[in-house]
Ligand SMILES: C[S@@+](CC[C@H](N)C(=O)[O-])C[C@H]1O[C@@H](n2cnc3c(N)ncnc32)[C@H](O)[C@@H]1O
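What follows is one chain in structure tokens, specifically the form predicted alone.
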């Protein structure tokens, strides 16, 4: 009950809190999402910030969001977008959802792997859910590679995680994904307040 009330509070303040950051992230989101087609799984839809960035044709987006307050806010953003279907579930429940596809042409992971309880497990599920010729589109903040700022993140992380509903400042999502079967065909690192990672990834070819 307390967690649900906190999630409601987080949902209310999330968009205003992220407004300045999203001005920077918007071009990165657009750059990645313009290529989607076919059946697309968006992991952690949040408040639905990506919905207006998807192409209207040739793609059906299945969005999943485990936070009920976030899910409800995202639903309001759907309006007449018939190519987007939203579910109030987490990545660990996708395989049990009977009306969802078994595999996807694209999986979207944006500001997700910092928050899931087990990022390694989530990466393995991405691998299982992605078609052999599919693509994983990634936009995640990562643990800073700078020694000073990286130490600051490590120091404040125990306080930050409960405040930010589980967001983890000390994960290297780029490394986690590469260690769990993915390789980047395009990738870039940039800094905005912290280090960020953007990539288009595919399944590694088995030798």
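All figures in this text were calculated on a predicted structure; none of them were measured in a lab. Positions refer to the first chain, counted from 1.
Only in words, not in the display: the form predicted together with this ligand, which the text now covers.
When contacts are judged by a 4.5 Å heavy atom cut-off, residue 143 does not count as touching this ligand in the predicted complex.
Proximity of residue 46 to this ligand in the predicted complex: non-hydrogen atoms within 4.5 Å are present. Although the partner is absent from this view, residue 181 stays clear of this ligand in the predicted complex, with no non-hydrogen atom inside 4.5 angstroms.
This ligand in the predicted complex comes within 4.5 Å of no heavy atom belonging to residue 176.
The candidate site formed by 65, 70 and 91 is fully in contact with this ligand in the predicted complex, as each residue has a non-hydrogen atom within 4.5 angstroms of it.
The listed set 84, 100, 130, 116 contains one residue whose heavy atoms approach this ligand in the predicted complex to within 4.5 Å, identified as 116. For the options 74, 136, 112, 123, the one in contact with this ligand in the predicted complex, meaning a heavy atom within 4.5 Å, is 112.
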